[in-house]
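First, one chain by itself: the form predicted on its own, in C-alpha cells.
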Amino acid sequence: MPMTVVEKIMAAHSGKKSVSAGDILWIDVDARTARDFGGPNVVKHLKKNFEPPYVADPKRTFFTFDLSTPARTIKYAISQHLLKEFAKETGVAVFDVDEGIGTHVLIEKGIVRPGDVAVGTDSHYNILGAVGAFGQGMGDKDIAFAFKTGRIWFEVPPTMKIKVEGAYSWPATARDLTFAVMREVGSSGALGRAIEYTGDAVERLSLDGRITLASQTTEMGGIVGFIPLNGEVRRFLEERSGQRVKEVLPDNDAEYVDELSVEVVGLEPLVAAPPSPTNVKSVSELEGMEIDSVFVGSCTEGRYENLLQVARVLKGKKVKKGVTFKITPATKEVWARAIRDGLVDIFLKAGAVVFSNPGCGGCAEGMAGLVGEGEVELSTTNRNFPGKQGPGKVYLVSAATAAASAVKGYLTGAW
C-alpha cells in the first residue's frame, strides 16, 4: 500500500508493514521532553499514577528550561528546582536555562533525526518536521505516560501536499514565504492534517528558514509539516548526530486529501495583523503605521540567520527614539555565534536591547517582549491573538522587516 511520510513513520514505529489515515496505533517514541512550564504536572502525574521506575529510558528523556530563563517568578523557580530534583532521582537529562528553546536544542545536538518520533509539552513541537521528524506537542498526562512507557497512541492523520515555487529576493525572507503559505491555507485549512512541503522555493530554504516554516504549522491547524532534506541540512544533521541519516520520503502514488500550490515569485514583505496569524497582508498596505516596540526572537525567528538579517539592517543605523527593540536568541549556540561574529555589538550600538539568556523571550508571559495597553508591537513570534503577549496590539513580521521598521519608527518594508 502506498504511504505518505507520516504513514511511513507511524508504520515503522508501530511494527506494522503499512498504515493509513484514520488508523489508531500505539507507536514507540524516540525522544520525549517536558518544559519548565508543563514539567511539574508531568512529575505529579507520574508519582500519582505509577510506581518507580518512573522513566522507561532516561537517556531519551529530557527536561528543557526555555520559558523563564533564568526563573523570573517564584513559580518558575519552584518548578525548575522540582524538575532538577526529579532528574537526579531518575537520571533524566536537563537542558538548563542556558541552553535555549527545547525543540531547537534537540535539532542542534543531533538528538532527533529524520524519521524519528518525538513528543513534548510544547504546542510547537511540530517544528521537528523541519528535519523530517514527527514532532508532536501533547498534554501533561500524555507526556507522563510517554515518560513511563516510551509509547503513545495516535490516530494517523491524513496528509495534504503544499508545493511552493518561485524565486524571491531580499528584503523578502523565509518568514514572508511562510506568511504566503499561511495566507493560502488559513487558520483551519490544515486542521488535523499532516503537511508535506515540496517545490523549488522550499528546497532552497536553509535549516533556519525551514524551522520558521515548520513552526507555523500549529497556526494553520496542522499536526506536523514535513520538509524534505537538501544537501546542506543533511550534512548538518549527520555532523551533529554522528550518524548517517535516512530520510523518509513518500511513495510516488501516495494519496493526499488536498494539494495546493503557492507561488512566491517577486514575493514582497508581508505582515500578519491582529487578531490572527493568518490575517496576512502586504507590508505596503499598512506602510507608515507607527510602532512603539519591536521583538525579535522565539522558536519562529530567533535563529542565527534571523539575527544576521537584523544586523544587516541595523549596521551603521540607530533605532528610532521612542521605539524599544528587544532581541532574544533561540539557543546558546545562536547566542555564542552572534557574539563571536560581532552581531551583538551592532545591536547594542544601534540601541537594541539583547535580553538575558536564550529562550522563548516575549512569546512567553512575563518574559521580554510583552506589550502594554495601547502599545503597538512588531514581533517575530508565531501568534498575535489578543492578550497573548499583553493588552497591546501585535503584528507579526520577519526579522528583516522588524529591524527596518525599528529604524524608521513605523512599519515599513523599505531600506
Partner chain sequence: MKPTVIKGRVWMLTDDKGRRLDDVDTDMIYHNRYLTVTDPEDMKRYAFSNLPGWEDFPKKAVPGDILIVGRNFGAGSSRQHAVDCFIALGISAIVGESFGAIYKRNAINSGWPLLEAPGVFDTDLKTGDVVEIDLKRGEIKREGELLIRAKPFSRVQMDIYQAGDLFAYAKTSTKASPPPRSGQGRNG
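Note that the coordinates shown come from a computational prediction; the quantities given were computed from them, not determined experimentally. Positions refer to the first chain, counted from 1.
Omitted from view is the form predicted in complex with its partner chain, to which the following refers.
Run the contact test on 30, 141 and 155 with a 4.5 Å heavy atom cut-off to its partner chain in the model of the complex and return yes or no.
All three within 4.5 Å in the model of the complex.
Given that its partner chain is left out here, which of 276, 206, 324, 149 has a heavy atom within 4.5 Å of it in the model of the complex?
Comparing distances to its partner chain in the model of the complex, the residue within 4.5 Å is 149.
Considering 171, 250, 114, 222, which brings a non-hydrogen atom within 4.5 Å of its partner chain in the model of the complex?
Residue within 4.5 Å of the partner: 114.
At the 4.5 Å heavy atom threshold, is residue 22 in contact with its partner chain in the model of the complex?
Yes, residue 22 sits close enough to its partner chain in the model of the complex that at least one of its heavy atoms falls within 4.5 Å.
Residue-level question: is residue 12 within 4.5 Å of its partner chain in the model of the complex, judged on heavy atoms?
Contact with its partner chain, yes.
Looking in the model of the complex, any heavy atom of residue 86 within 4.5 Å of its partner chain?
Flag for residue 86 set to no.
Is it the case that residue 355, even though its partner is missing from this view, gets within 4.5 Å of its partner chain in the model of the complex, heavy atoms only?
Although its partner chain is absent here, residue 355 would stay clear of it in the model of the complex, with no heavy atoms inside 4.5 Å.
Heavy atoms within 4.5 Å of its partner chain in the model of the complex: which stretch in 374-382, 66-74, 42-50, 345-353 meets that?
Looking at the other structure, the answer is 42-50.
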